[in-house]
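Starting off, we have a lone chain in the form predicted on its own, written out as structure tokens.
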């Protein structure tokens, strides 16, 4: 590819937004990859509804994701009712974008559906209560939701995941009428971004930190880490964020237990929702 072609220029621009100065030597390129690199979390939405049939298109995309052994351990609950979105926003610590977005999707690790087969066929599913099965259900949810996000962004819509649904999974389950052995892993706002909220692509760690060859190698990473902290400082200053460096964000998020916002009680909450995890 000629270094002066528009495609090459767009590629370098996209990689520059994602990595700053630490652009990796990538190879093949296309519109799908370009779209993936443009992902950003959006926390401000216009009231405009999504086009008719959009939800179904997103779910079709989600159902096309990989699912372990075709067990399909997930369900999705579309929420458009303003009162219900307000209640979910309160659970999430007052995240107003949940109220603003025209479509909120709760992504559910749904073990109920397969448990019903056990009950109907009168076969004890010995694998159900094990941690591995629970992990597979959560992984299935994440894979499906990410397919939906990619589909949404390809349609010009914006999104943001809401992990704060796990602040109080029991209250969320009651609000959405979930049966036992199901819980909302996270929510997803979907809609059209306001001009102010559209934001910019957030820099990620250099590939030299996250990509290893043949075996894990944690050596010689200090300089890359420092360079990334510098990139995040510039990003934070542009967006008036309190935690300037990535290191500080990690310290803030993982240091004090209060930063879990109730999620430290997850095992107890899951037990009350009917999950027996061994």
Ligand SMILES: Cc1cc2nc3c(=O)[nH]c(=O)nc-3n(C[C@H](O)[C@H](O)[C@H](O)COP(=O)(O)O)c2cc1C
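Residue numbers count along the first chain shown, from 1. Here the structure is a predicted model, which is why all the values come from computation and not from measurement.
Below, we refer to the form predicted in complex with the named molecule, which is not included among the displayed structures.
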So which stretch, 112 to 120, 94 to 102, 126 to 134, 78 to 86, is the one near the named molecule in the model of the complex (non-hydrogen atoms, 4.5 Å)? 94 to 102
Are any of the heavy atoms in residue 156 no more than 4.5 Å from a heavy atom of the named molecule in the model of the complex? no
Since only the chain is shown here, I'm wondering whether residue 40 would be in contact with the named molecule in the model of the complex (any heavy atom pair within 4.5 Å). yes
Would you classify residue 162 as touching the named molecule in the model of the complex, given a 4.5 Å non-hydrogen atom cut-off? yes
Is there a non-hydrogen atom of residue 73 within 4.5 angstroms of a non-hydrogen atom of the named molecule in the model of the complex? no
Taking the named molecule in the model of the complex and a 4.5 Å non-hydrogen atom cutoff, the residues of 204 to 232 making contact are 204
